[in-house]
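Starting off, we have a lone chain in the form predicted alone, written out as C-alpha cells.
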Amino acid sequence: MHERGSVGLVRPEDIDFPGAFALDCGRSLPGFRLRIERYGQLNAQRSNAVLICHALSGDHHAAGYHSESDRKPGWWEACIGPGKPIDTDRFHVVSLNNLGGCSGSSGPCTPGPDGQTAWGPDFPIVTVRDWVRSQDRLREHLGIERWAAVIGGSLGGMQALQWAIDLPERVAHAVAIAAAPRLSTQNIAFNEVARQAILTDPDYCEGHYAREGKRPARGLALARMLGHITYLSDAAMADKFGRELISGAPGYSFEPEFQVESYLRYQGSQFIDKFDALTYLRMTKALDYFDPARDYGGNLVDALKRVEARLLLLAFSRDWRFSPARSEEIVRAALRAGRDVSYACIDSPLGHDDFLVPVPEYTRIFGAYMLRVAEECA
C-alpha cells in the first residue's frame, strides 16, 4: 500500500529520435533515445504540460512507484502528485532522464553507433544547452506548443533557466530551485576532486571498465561521499550525527567510528549499485560548463532580456553549495532586464537537499505559485 497523494503505479516510456543530433562539443549523435515518465492528464488545449528537469544524480522516475512492492517512490515524490505543489490533478507532468544518463536514455551504458557495443567513454560530453535542445525535440514529439512550466532543482533549475533563454516562446513559467547562474570556482573544484576519484580508480580502465568486467566502485563511492558533504549544512550534519562515537569509546583504527563516517560510507556503497561512473563524469562537466551569459558577452542581464516566461527563484538559507546569493544574482539580473520574477529564500536547516524535502514554507510558496500557473491553463 502506497501513500495517499501519490500518483501510484507509473510506467517508463522510451522515445527514439532519429537523425543526426549536433552537440556543443562539435560532435553529433546518430539519433538518440530519451526515457520519460508522465503523470496526470493532458488537457484538451494541451496547455497544462509541465517539464521536470533532474539534478546531477536524478532520472526520469520523479514520482510514484514502478510496482506494488516498491518501497521507495520517485525522487520528487514530496512535490509531485495530487494536491502537491506540482498537482497532477491539474498538470500533465513529463519527467525525463537526460542525454548521457544511465537510466535508459542514450548515454555511455547504451549501444553505440554499431547498435551492439555500449558507447562507454566514447559517448560525447554534453551540455545543458544540448539537454534543452533534446528536450525540445521531446516537446515536439508530444505535440506540446508551449510548456506551462519548466521546473527543476539544482542542475534541473539551471536547465529551466536555459530553456527560458534559448526557447523563450516555448516556456510560460520557469522555476529554478536552489540553482545558480553558473558554478563558483569552489564548486568546480569540488567536481574536479570527485572526477579525479573516479579517473584514478585502478578499475576505471580508461573508461572501458565494463568491457573489462570491472567498475570503479571505490572512486564513484568517494565522489558520492564528497557530494553528500556539500549537500548538507554544517548545522544539519551536527544535528543529525553529532560527534558521538558508535561504540562509545575510541577504537584507534581507520574503521568508521563516528556516525557521520558510517553514513557517508553507506551513501557511497548504495550509490555504486544504481549509478554509472561515466555518467557521473559527464553530469559534473555539464554543471561546470553551464554559463548562459557566456553567449552574451558574459552579461547575464543581456541573456535574460530574451526571456518571455515568468520566473520563480527559490533558495534555502543554509544551502552553501548554491547559496541564496546565487539565486539573488539571477533575480537582480532579471529585474534589470525588465523580466517578471518572483523570489523567496526559505529558512530551513538542511542545506542544498532541502529542494527534495517537504519543508512546509517551501511547499506553501511553491504550491501557491503553481496554483497560479494552473489557473492560467484552465
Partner chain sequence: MNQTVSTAPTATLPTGNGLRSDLAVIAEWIAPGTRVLDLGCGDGALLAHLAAARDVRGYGLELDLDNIAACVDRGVNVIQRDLDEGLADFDEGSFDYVVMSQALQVVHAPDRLLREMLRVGRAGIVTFPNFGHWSTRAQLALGGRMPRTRTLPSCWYNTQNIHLCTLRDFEALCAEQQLEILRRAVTDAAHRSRPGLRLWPNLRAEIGMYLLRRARRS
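Just so it is clear, the model here is predicted, and its values are computed rather than measured. Positions refer to the first chain, counted from 1.
As for the form predicted together with its partner chain, it is not shown, yet the points below apply to it.
- Note on the partner interface in the predicted complex: the residue among Arg33, His66, Arg336, Arg27 having a heavy atom within 4.5 angstroms of its partner chain is Arg336.
- Of the residues given (His352, Arg326, Arg38, Arg310), Arg310 alone sits with a heavy atom within 4.5 Å of its partner chain in the predicted complex.
- Looking at Cys345, you'd find a heavy atom of it within 4.5 angstroms of its partner chain in the predicted complex.
- Remark: Tyr369 counts among the residues lining its partner chain in the predicted complex, judged by a heavy atom distance of 4.5 Å or less.
- Remark: Arg46 does not count among the residues lining its partner chain in the predicted complex, judged by a heavy atom distance of 4.5 Å or less.
- For Leu56, no non-hydrogen atom is located within 4.5 Å of its partner chain in the predicted complex, even though that partner is not displayed.
- Every residue of the trio Arg332, Glu361 and Arg364 has some heavy atom no more than 4.5 Å from its partner chain in the predicted complex.
- Annotation for 203 to 235: no interface residues with its partner chain in the predicted complex [heavy atom within 4.5 Å].
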